[in-house]
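A single chain, nothing else alongside it, follows as structure tokens in the form predicted alone.
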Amino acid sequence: MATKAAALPQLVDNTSILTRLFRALLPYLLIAPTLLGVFTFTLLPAVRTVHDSLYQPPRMARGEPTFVGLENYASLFNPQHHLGARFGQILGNTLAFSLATVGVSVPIGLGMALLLNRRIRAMGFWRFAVFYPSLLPLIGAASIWAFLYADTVGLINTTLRALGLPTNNWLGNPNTVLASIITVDIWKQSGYHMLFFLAGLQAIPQDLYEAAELDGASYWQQLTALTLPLLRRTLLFVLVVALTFSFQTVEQLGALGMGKPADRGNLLLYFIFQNIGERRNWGYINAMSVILAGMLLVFTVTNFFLLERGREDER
């Protein structure tokens, strides 16, 4: 009996140690599957892409890749190179596309959220009508607009012709093809951004607006001094999401001219897709992927720097 009584405290101590150890490791065990997925499908491919961008693939499948350093990057900016001759134009297209779509669709989404964040008849219908384009598959939405843009039977040109106005080959004209693609993206994404802004607006306590009205603040004063500052976090999130999506745009180009004519409507991710099938281009493809990810990182960090630095959460 004395031996059992002496062993009992030792058993309790061991159980207590195991319990404390389990509780300490539990948070790490819970996030382990997510960390494994991030490492396997994000970090590891990213590191491999940067590594492969410094090599030229072998001509034969069994050969060894050749280390070339930054030569792949330099070749992309060389007009004499078979890819460099096109890369500059496409890089400019991608930057213009991203800035234009984000710069237009985000304010439109905010404006629609402000209009629909009030009591009006058939509120559910109007909100669904605005959000509906976002529910369409991107290739499906692009196919709809491809019909609208069609040169002879398209609805836009048919309407212009009926009104006696000059028509245009929207997807075949180098001067209008990129603007036409940008229009499709703005039409599709504005409602998506509106949804986040609407959620942010509805999270703002109404007591603040009532107090502002008692102080004699006008609608515009409430908007600039109350609504927009309190939507700063939502705006940051929407900007990051919008920029990420704009740099990943690729599907609609399959229905909207495939980057033609003369790459005036081409975008960087679609350019990567067009050239990934040739072994000799693999080093350049990885270099373009690093450049694309680098631009996205720069824009994202800039947004955080401008909207977050030196500010505290509003109460």
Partner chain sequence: MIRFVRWLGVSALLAGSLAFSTAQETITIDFYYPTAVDAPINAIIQEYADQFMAQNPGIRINPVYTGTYTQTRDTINTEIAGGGKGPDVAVMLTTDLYSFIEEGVIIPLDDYIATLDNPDAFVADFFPALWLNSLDEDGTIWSIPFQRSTPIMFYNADLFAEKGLEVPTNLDELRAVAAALTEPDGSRWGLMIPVQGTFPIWMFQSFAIAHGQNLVSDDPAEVFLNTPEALEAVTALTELGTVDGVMPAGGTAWGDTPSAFVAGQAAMIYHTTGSLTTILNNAPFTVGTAFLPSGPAGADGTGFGAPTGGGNLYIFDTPDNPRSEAQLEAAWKWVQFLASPEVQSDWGTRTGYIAARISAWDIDPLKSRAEEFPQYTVARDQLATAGKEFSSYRAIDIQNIINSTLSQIISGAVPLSEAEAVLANAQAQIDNLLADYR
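Positions refer to the first chain, counted from 1. Since the structure is predicted, the reported quantities are computational estimates derived from the model, not experimental observations.
Just so it is clear, the following notes concern the form predicted together with its partner chain, a form of the same protein that is not shown.
- Task: With its partner chain left out here, work out from 178-186, 72-80, 103-111, 221-229 which stretch has heavy atoms within 4.5 Å of it in the model of the complex.
- Result: Careful reading of the contacts points to 72-80.
- Query: its partner chain isn't shown here, but in the model of the complex which of M123, A85, A211, L99 has a heavy atom within 4.5 Å of it?
  - Reply: Contact residue from the list: A85.
- Query: Each of V47, P65 and S246 near its partner chain in the model of the complex, meaning some heavy atom within 4.5 Å?
  - Reply: The answer is no: none of the three residues contacts the partner (heavy atom, 4.5 Å cut-off).
- Query: Using heavy atoms and a 4.5 Å limit, would one call N169 a contact residue for its partner chain in the model of the complex?
  - Reply: Result yes; N169 sits at the interface with its partner chain in the model of the complex.
- Report whether the minimum heavy atom distance between R279 and its partner chain in the model of the complex is within 4.5 Å. Yes, contact at 4.5 Å.
- Query: Any of the heavy atoms of D215 lying within 4.5 Å of its partner chain in the model of the complex?
  - Reply: No, D215 sits far enough from its partner chain in the model of the complex that none of its heavy atoms falls within 4.5 Å.
- Message: When the contact criterion is heavy atoms within 4.5 Å, does R59 count as touching its partner chain in the model of the complex?
- Response: Yes, R59 lies within 4.5 Å of its partner chain in the model of the complex.
- Task: Taking its partner chain as it sits in the model of the complex, which residues of 259-296 have a non-hydrogen atom within 4.5 Å of it? Please list them.
- Result: Counting only heavy atoms within 4.5 Å of its partner chain in the model of the complex, the contacting residues of 259-296 are K260, P261, A262, D263, R264, N275, G277, E278, R279, R280, N281.
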